[in-house]
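Given next are two forms of a protein chain, the same chain in both, each as structure tokens and marked structure 1 or structure 2.
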Structure 1
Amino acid sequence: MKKAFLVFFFLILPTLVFAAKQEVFVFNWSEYVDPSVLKQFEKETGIRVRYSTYESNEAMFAKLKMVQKAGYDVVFPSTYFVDRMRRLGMFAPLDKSKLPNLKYINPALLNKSYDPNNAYSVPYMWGASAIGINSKYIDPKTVTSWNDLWNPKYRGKVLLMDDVRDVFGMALRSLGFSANDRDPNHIRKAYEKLKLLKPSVKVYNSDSPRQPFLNNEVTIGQIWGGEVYQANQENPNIKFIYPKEGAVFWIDNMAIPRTARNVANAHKFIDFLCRPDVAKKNCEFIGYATTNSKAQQMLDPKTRNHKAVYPDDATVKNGEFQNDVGDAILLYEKYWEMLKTQ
């Protein structure tokens, strides 16, 4: 009997070892997926999710640059970092035969210049960076422009996100320039204007920028629409205002790093998030606009009609999507460091 058990054990040992290795290492923005979705994926696939978070594209990029092998399997870079990282050879090409749910992604968000034919990335969520206010303290009718953040009466009550491109994009738009400007003089002018705003800034936060509003630390600031959607679950006084100069729009994407250790499982995870019922659940949990056309149709009215989540066409047209700025990013980062440390 003992011998039979040993024979059986050694016969199934390879299967046990294989099963133990069924993992996917995910590196994502903070609070950017419904935790129940991760549990659902594990239950349906038997693949364990090893989940880590970051607060900015720059932090994600720096971490991936340090990893030479056996790294993360799925990351969520914004458009301009997809462009940058694919040019540096940091992504593995997608096997679309393993992504049948890709058919549900809005065609208007595919085949963009940052990743032609979506060879390396799949759009996940999109949204806007605009102005958040606490209407208990500020009349929404009095705020119409990015320039209102510079009003001295808000000194010590302003929030800026801890994100170089979002902050400089806002400043550039306030000056009438493109959020993707590469002109050194324009970037310098944006820096000089941001220096004037610095005494009013209470906190830089891109981890959970709604929290300083909910804690009454700030009354006005730059914030993502999804954060306002989430904040409204606790405080409906938090409002989202699209400035007349135009909001800054972005698309976050799913991609597989070249150093991924579980490429097959990465494809399964990405395809799972592209499933309409799963995309719907994520959208309603985090409050950002899904790129999934079918999921958008399935949304509850509260989410589908929330202007912070889904702006009208005129608002989108008046704004600008972030793109790669090439070598000018070095200038952005230089001024960003000066702004934060001086």
Structure 2
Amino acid sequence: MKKAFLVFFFLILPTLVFAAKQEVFVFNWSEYVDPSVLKQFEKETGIRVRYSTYESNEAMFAKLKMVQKAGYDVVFPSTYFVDRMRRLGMFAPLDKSKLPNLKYINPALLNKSYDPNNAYSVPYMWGASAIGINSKYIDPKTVTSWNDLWNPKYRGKVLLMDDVRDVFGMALRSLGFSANDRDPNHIRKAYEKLKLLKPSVKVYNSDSPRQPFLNNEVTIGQIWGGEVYQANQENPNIKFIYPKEGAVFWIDNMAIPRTARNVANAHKFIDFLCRPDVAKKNCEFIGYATTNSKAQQMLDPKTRNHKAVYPDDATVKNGEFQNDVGDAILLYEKYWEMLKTQ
């Protein structure tokens, strides 16, 4: 009886007290965290994680807009949504003194134009969108540029992403413009150029672009590095080529909405995910590249040296990150609809 009382007093009561007080509301993409990492956080800090998921940036944005008061504490927007939501004043500024593990984040991924000085966001997972080829059918040395997709010998064998920004970003880079261009003339030129590519396109796919490669339906096209890495488990002939005009990079970031109720806990949660051992465990579970340099060094050599997953700094510097394009997105979409219906 005495023992039971002691167990209650020292083990159960504290968790009840914490459960009543300490919480953090996390809103993340589905399947984008190792569940055991959340348990570990609860165990180490006593802070209860209230976890829910979304399927698109736009859905997360809408929910934050609709639920004005009882908000989430941590969200995971992509670069261009960090940019947009930061401009709309939807984030609370980060208190860097509460994020000591920030020092482990790869400096090549910090201080980008979508969030100068990372005042509001910490990179979480990242990757590149560049050219994938099947080296059984195409000599990798012959492909160096986005413009190679337009080569008539690949007619009917090309894959493009099924996403307006990814496809137009690629076409704009091939013309020497920015993937975040807002100039209507440049966007129109990209459309004219994509019209020429359309007869070559076999499939638009951004759910899992590795599948048409593995199925021998396409031999060349746009793809993410992580998809090439996964494809290589089945077929080592799928290669990833960073075009000379520069790849387009994505980062999903952690940020704290202005409506957050548990700002201190949110900082603790973000810092926890930046801890190298946690980041390593997490990226092994999710399968994307970690932004954590220390965690990357802890991975097995085959993974951490895979160029498709972890490009060198010069490749990153030569590329571009997706920013918000404001109302120019309406123009992009108009041309996208014309491209798809012609």
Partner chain sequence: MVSKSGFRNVSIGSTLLWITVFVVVPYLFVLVFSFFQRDPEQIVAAVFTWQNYKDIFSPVFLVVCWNSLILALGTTVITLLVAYPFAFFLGRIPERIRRILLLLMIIPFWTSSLIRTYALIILFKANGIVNGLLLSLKLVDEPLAILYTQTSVFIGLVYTLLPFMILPIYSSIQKLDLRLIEAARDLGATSGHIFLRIVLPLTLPGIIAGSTMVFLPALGLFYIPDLLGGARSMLIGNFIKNQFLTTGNWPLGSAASVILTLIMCLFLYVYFLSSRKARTSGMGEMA
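Residue indices: 1-based, along structure 1. For clarity, every value in this text was computed on a predicted model and none was experimentally measured.
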property: Selected structure - the one that is the form predicted together with its partner chain; result: 2
property: Chain position at the hinge linking the two rigid parts, options W126, T219, I105, Q222, forms compared between structure 1 and structure 2; result: W126
property: Rotational displacement of the minor rigid part between structure 1 and structure 2 [degrees]; result: 31
